[in-house]
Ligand SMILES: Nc1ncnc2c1ncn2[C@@H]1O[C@H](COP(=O)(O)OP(=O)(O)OP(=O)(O)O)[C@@H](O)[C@H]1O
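Below you'll find only one chain, the form predicted on its own, shown as structure tokens.
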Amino acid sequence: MSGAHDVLHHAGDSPVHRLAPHVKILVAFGAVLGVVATPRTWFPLFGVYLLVVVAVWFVARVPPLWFVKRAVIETPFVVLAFLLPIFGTDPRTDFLGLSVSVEGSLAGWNILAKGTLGVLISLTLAATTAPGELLRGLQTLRVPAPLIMIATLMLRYGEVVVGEAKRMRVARISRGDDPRFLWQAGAVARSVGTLFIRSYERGERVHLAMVSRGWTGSPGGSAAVVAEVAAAPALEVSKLAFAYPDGHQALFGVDLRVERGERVAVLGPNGAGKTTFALHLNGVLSGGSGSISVAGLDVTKKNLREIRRRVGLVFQDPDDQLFCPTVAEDVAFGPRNFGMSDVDSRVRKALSAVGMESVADRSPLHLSGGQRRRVALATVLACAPEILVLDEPSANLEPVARRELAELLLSLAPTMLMVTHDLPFALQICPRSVLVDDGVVVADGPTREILADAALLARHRLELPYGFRLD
């Protein structure tokens, strides 16, 4: 799968590519400052700047056409530059039979020359420096961590948005749409609006994933030690109720007790409240009524940091969980937020546990669905949680990847709560199941017994796959 990484980075092994990333960042930053500071009437100097940039392209062995195609991003500024001479103020002069504003012409030239050079310099930096290298260069330059995190998210979700746009374009083409024709501009415009909404929704889910791994607005911190209550169950939920801001009541009073070391499946149809319930266990959602405790520690605001370390939440969509430019950085995100020691060691052990050591330096977007599931699990395992909460872990997996994931989950020691409507997968992983529907627990018992009760399943819009037998 391709993304913004392929759009803005031109892989190569030229002297420019091999130059240290922090050096390239400083040179590019200095070049942009120099261009901006150059008086707009020093016309020959702008030509010299362009020749230097083009010379760098040839040394880097990147075709000029590659840059020209990507420079269309400045089209609005080019249009503005050409409109200013026409609509600018007096005094005016004749140029090619047109009356143009002298000041407007100079202002338009200033925007066109400096804007174009700034875009080309930025594209040159992006073309010759991989996203991960850019971030490492910023770290070398001691750029504040919040700014690096912002840059990280921009790079990562540039890839996601580009990938989403490409999938939407394929879907349009498959149904007879051809965006080359003028009369189909409306469909393209609606697609852009849909893409914006999807990107916004993705951003909200990513924020939840960040919060679930200890993000508070600034990375780092100190690891706090909170005493456990030895006799307390791993998880105890009492009368949990919750309504969303729009008034939709998702939970009406859930009661659940999970002992240490248990593997419990939370079953139910779509819309039953399963995911809402799971988000409460990590403190991502709150504000309703009832109580939750993890190993005797109440899930309250003052305990959230420790709760989120103890309860590892793996989201349904790995692309919500994986937001850093490389796998290793994603796995390190949680331990760094929790102030844990030996972060590098934790990353290696977590990736080794899920069999993903070989992809540590790769972009998560370039992995298969099964690989992304494993890496998403590693991001949580690196924090050494006491409870694993998995939301639809087998969704969209091919049979081989599904089997491999099952074997991996069965090899793990933590207490496990698995939200799923994949009934055979629940039977394979979890000896016990609770059935949730309409925001309440309607059944609790051995998984095999619950799945064998066809009438119970039918009442709650669940059924075993065709040909699956419980003999």
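All residue numbers are counted from 1 along the displayed sequence. Since the structure is predicted, the reported quantities are computational estimates derived from the model, not experimental observations.
One more form of this protein should be noted, the form predicted together with the ligand, which is absent from this view; the next part is about it.
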### Query
Only one of 152, 276, 212, 394 has a non-hydrogen atom within 4.5 angstroms of the ligand in the predicted bound form; which is it?
276
### Query
in the predicted bound form, which of the listed residues (137, 269, 203, 290) lies with a heavy atom within 4.5 Å of the ligand?
269
### Query
At the 4.5 Å heavy atom threshold, is residue 122 in contact with the ligand in the predicted bound form?
no
### Query
Hey, in the predicted bound form, does residue 40 get a heavy atom within 4.5 angstroms of the ligand?
no
#### Entry: residue 82: touches the ligand in the predicted bound form, heavy atom cutoff 4.5 angstroms
no
### Query
At the 4.5 Å heavy atom threshold, is residue 166 in contact with the ligand in the predicted bound form?
no
### Query
Which single stretch, out of 299-307, 84-92, 364-372, 245-253, brings residue heavy atoms within 4.5 Å of the ligand in the predicted bound form?
245-253
### in the predicted bound form, residues of 309-340 near the ligand [heavy atom within 4.5 Å]
316
